[in-house]
Structures are given as C-alpha cells and as structure tokens.
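In the structure tokens that follow, a single protein chain appears in two forms: structure 1, then structure 2.
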Structure 1
C-alpha cells in the first residue's frame, strides 16, 4: 500500500507516490466465477499501474448491468449511474475536468441498446476517454434476455426459440459514425492482447472505443467456446502502429497486416467473417476532441462580475 503525506501534498511538494496494482483494487469483485469481467478488471488495474495514474485523478463511469459494477472494484473515483447513461455523465465530467483520466465501462445492453444514441454521439464528440464495451452477447444481470449483440438463433429467456434478428455489429456501427477516432476489438480470454489493446487505446487522444468479447459462464458460455479453444478461429490485425504482443502469433497463426489509418479497409474487416478479428480497426489522431473545441479561457470571479455588470448595462433602464 502506498501512502502519501497529506501535509506534503497540501504544501505543493513533489508527489513521488508509486502505485502498485493493489492500490487500484476496490472491493472484491462479486461477478460469477469464470466471468470474463474478472480478467478485464485485472487488465485495467494493470494498465493503471503501468501508466501510474493517480487514483484520485482517475474516474470510472458505468451504467447498469453486470459489467457496470466495475467502478466498485476499482480504488479510484467511480460513478455507477443509470442503465445506458454512462456516456452523458462521462461527457459532463470531461467537459468540466479535462485533466481527469476517464474510463467508461458499459455492457452490450447499456451501450448498444438503451444507451445507443449516447454511444453514437459520444463517438462524434470524440472526448478523450477510454470506453470499453464488455460484450457478453446477453443481458446477464436480468437473467438471460436477448441483447442487440446476441447471435441470431441463439435462444434466450425472451426469445426461447432463438434470437430472431441478426446481431448488431458494434465495430461496424462505430466505424460508421462521423469523427470515430479509435475502434478496436479484443477478447478477455487472451489477456496479453487485452492488456496491449487497452494500453494503446488509453494512449489515444480521443474517444477510444474497445469492444471486449467476454464470456458469460451462465448464459453465453457456448457462444465463444469454439473461439476460446481453437486459435484457428481468431485473426489478429497487426501493424507497427497497432497492437503487438510478443509471440502471440505463435499461437494465433492467422494475422492480417492492417494499417489503422485505412478506414475503408477497416470497414471491410469489420464485416462478419469466419474468424473473429482482434486488434485495431481504426485510429485517427487528427480528429479534434470536443473538450478542446469547447475550452474557453477561465476568468476570475472579479472579472466575471465586471463583465456581468457590463452585460447589465446593456439592459439598463
């Protein structure tokens, strides 16, 4: 456990705290044993340690659902709000406090269903935050209802004879939005790839959208079963500017050299294929971030009162 000297901080002394992984650990996670969220939590805590983010300057915002318990398990500031509404809250935080490190954890119901319009617009605002979609293809907390990403024909409690519609593709959807600046996909059962993807995403300045394929041992264990067991069903998108994990290609033989700046190829790659594609689909560092577009000079209270008095002059009788 790292300690900081309160009085030192107050005096503006150098902050030489070093953080270990456990410094980012909140309460014990209460997800089911075997839930993919555990591995995502670990990867995230590792990321914070690697980046040495100050816990007090880090905020995790979530919606409602299994995955949205995320903030409780981090020892940072957290905001566990409403179903589908994590992104507006994150937008407000970032607008007022751009210096904070902002993370958003959403489930597939959160992001792709009830909060879908916020997802679309957050992509367009392109504020600097890392948004992870913990996609288990199902509503877990409410016990097994079809979500927008549930594969067609997969049975659920609301559609017991099989999901009627084709699944929504979150990667294609995000890539279709104006101002999309970072779109990646990874899987929780490949921790090194997960970690590297999160790291690259965190370092991207803008709205980093990472879809994390995530097993639910209770409701959707079978969906990813084959892909977990058979590396042949995975294709890694690799590039010097992409996600690179040493020796990972020893296990996953199928790789595709894809330049993340190439949007058209990214869109083609996002389409369903025989293999799950993991890696960075698209990255564009040149898209302006909203909090900078909207940044205004700050004025002292005296200055503001003076200006408001001038304003009142215009309305004076």
Structure 2
C-alpha cells in the first residue's frame, strides 16, 4: 500500500509518498475471463506505479464499449463519456488542466467509427496525452457486430455471411494525419512489449496513439489465434529510439531495424503483410503541442462567472 510521509522544506511541503500497483486499482474488472483487456489494465497500473503518478493528478477518459470501463477500474480521476466522444472530453481537460497526466481508452468502434473525426483532429492537435485503441476487431459490448477493423469476410451478427469491406487500418490512417507525432502498435498477449510500448508512449510529449491488438474470447477468438501460437507470425520493429525488450528477440526471431523518425518507411511498414508488426512506427518530438500554442487565460471563480454571463448576454433577446 501507499507509504505516506511529508517533510518540511522552508514554508512548503515535500510529497514523498510512494505508490504501489494496488493504489491504482479500482473496482474489480468485470470483463469476460480471457479478455485481453485484463492484461492491458495490469500493464497500465504497472506503468503508473513505475512513473509514480499521483492518483489525484491522473485522469482516465473513455467513451462507450468494453474498453471504456477502464476509468471504473483505475483508482484515479475518470470520465466515462459518450460513444466516440472520449477525445473531445480529453481535449477540454487538457486545455483547462495541462498539468494533469491524461489517458484515453477507446475501442475500435468507439475510435474508428463514430469517433473517427475526433480521432483525426486529436492527432492533428497533438495534445500531450496517451490514447490507447483496444482493438478486438468487433463490437463486443453490444454482442458481436462488425466494426471498422473487422477483417474482410469475417462473420458477425450484422453480417453473418462475412464482412463486406476490407478492414480499416488504424496505423496507416493515423500516419496520414498532419501533425502525427507518435504512432505505435503492440499486442496484449506479449506483456513485456505491451508495457515497454506504453512506457515509451507516455514519456513522449504529444499525442501518443497506441493500437493494442486485443483478443475477445467470445466473438473474435480466432482472429489472433495463429499469431499467439506461432511467434513466426510476429515482426518486431526495433531501434535505439524505439521499443526494445531484453531477450524478446529470442522468442520472436523476425525483427526489422526501423528508425521511427522515417515517416515514409513507417507508412510502408503499416501496410498489411504476412506478419503482425509491433513497435514504434513513427515518433517526432518536434511537433508543437496544442495546449502550449493555445494557452487559455487564467480566471478566478468570480471572473469565470462574470465572463460567462457577458457571453450569454450577447444572445439576450
């Protein structure tokens, strides 16, 4: 548990609390047994422990879907919003409270369908937050409908004979947006890679977009099954400025040395291949973050009320 202690220094206080993983654990997760969301939750709690993030200065925002239960399972501040609207809420939080540690959890329908326009503009704004796409290739919470990332010809409750269209590629789509600054992909069944990817993404200053390939044991159990069983179907993108996990290459023998500052190669690597590519596709520390470009004025509570009333008075009839 947390070890509390405070030391006086002059007129101020030094906060020397130390947090353990259980200090970030909220209510018991109610995902299905075998759901990949469980390992993602553990990795996220481990990240907060490693970075020693104060719970009162940390916020998780979500929309609607299985993955959007995330704020309930974290003992931090949280906002469980509307379907597809996690990123606008997160944008407002970051503009008003830029000092907070901000995380956004979305599913493939939440992000890539109803929330697609927000996803595009959040990438363009490049605000300092970590957005994770928990991609199980299906609408799981509403019981197995086709999502934008469902593989073509894969049967679902809405398209029983198989999905009509080719799947949307979230990595390619994000890399095509102006001001993209961090784009990565990992898999929940490889915990060391998952954790290291989240850690590097969190430490990036800007909009970090991480697609996490995630198994749904009920509706899409077969989609990633071969890749889970056969390491030969995984290719790791490695670089000194990327994700490197000790001894992982002894399990996954296919590696590609990719400089994440190379956008053209990143786009080429994002195209479908015989193997799932995991790692950092693109990273650019030079893209300005929006909350620093557009600094909001600081108001007292009375000034906020007065300014709001002045704005409303403009529309009085």
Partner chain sequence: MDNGLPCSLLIASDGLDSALARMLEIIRVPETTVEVVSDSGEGAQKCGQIFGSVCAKMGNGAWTVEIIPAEIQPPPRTPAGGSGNRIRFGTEEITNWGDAANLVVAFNEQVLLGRIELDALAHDAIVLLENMWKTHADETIQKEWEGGLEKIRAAGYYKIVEVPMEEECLKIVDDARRGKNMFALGLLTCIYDRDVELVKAQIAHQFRKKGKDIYERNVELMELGYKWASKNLDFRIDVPTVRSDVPKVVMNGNEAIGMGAIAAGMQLCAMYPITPATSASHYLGEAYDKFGGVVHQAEDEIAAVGVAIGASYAGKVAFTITSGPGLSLKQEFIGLAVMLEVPLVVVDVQRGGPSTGLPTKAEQSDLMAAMFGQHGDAPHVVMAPATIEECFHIMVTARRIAETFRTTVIVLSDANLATGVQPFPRPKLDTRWLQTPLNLTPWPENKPPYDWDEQTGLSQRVIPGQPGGEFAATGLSHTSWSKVAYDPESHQQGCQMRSRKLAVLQQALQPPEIYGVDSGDLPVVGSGSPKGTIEEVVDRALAEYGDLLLVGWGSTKGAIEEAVDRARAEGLSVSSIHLSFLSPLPPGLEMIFCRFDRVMTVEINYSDEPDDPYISEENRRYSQLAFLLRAQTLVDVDCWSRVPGQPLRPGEILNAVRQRLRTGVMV
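Residue numbers count along the first chain shown, from 1. The model shown is predicted, which means the values in this text are computed figures rather than measured ones. For clarity, a rigid core is taken as the largest C-alpha set superposing within 1.5 Å between two forms.
Form assignment for the chain places structure 2 as the one matching the criterion, namely the form predicted alone. Superposed on the core, the two forms barely differ at residue 22: its CA moves less than 2 Å between the two structures.
In the core-superposed comparison between the two structures, the CA atom of residue 304 travels 10.1 Å.
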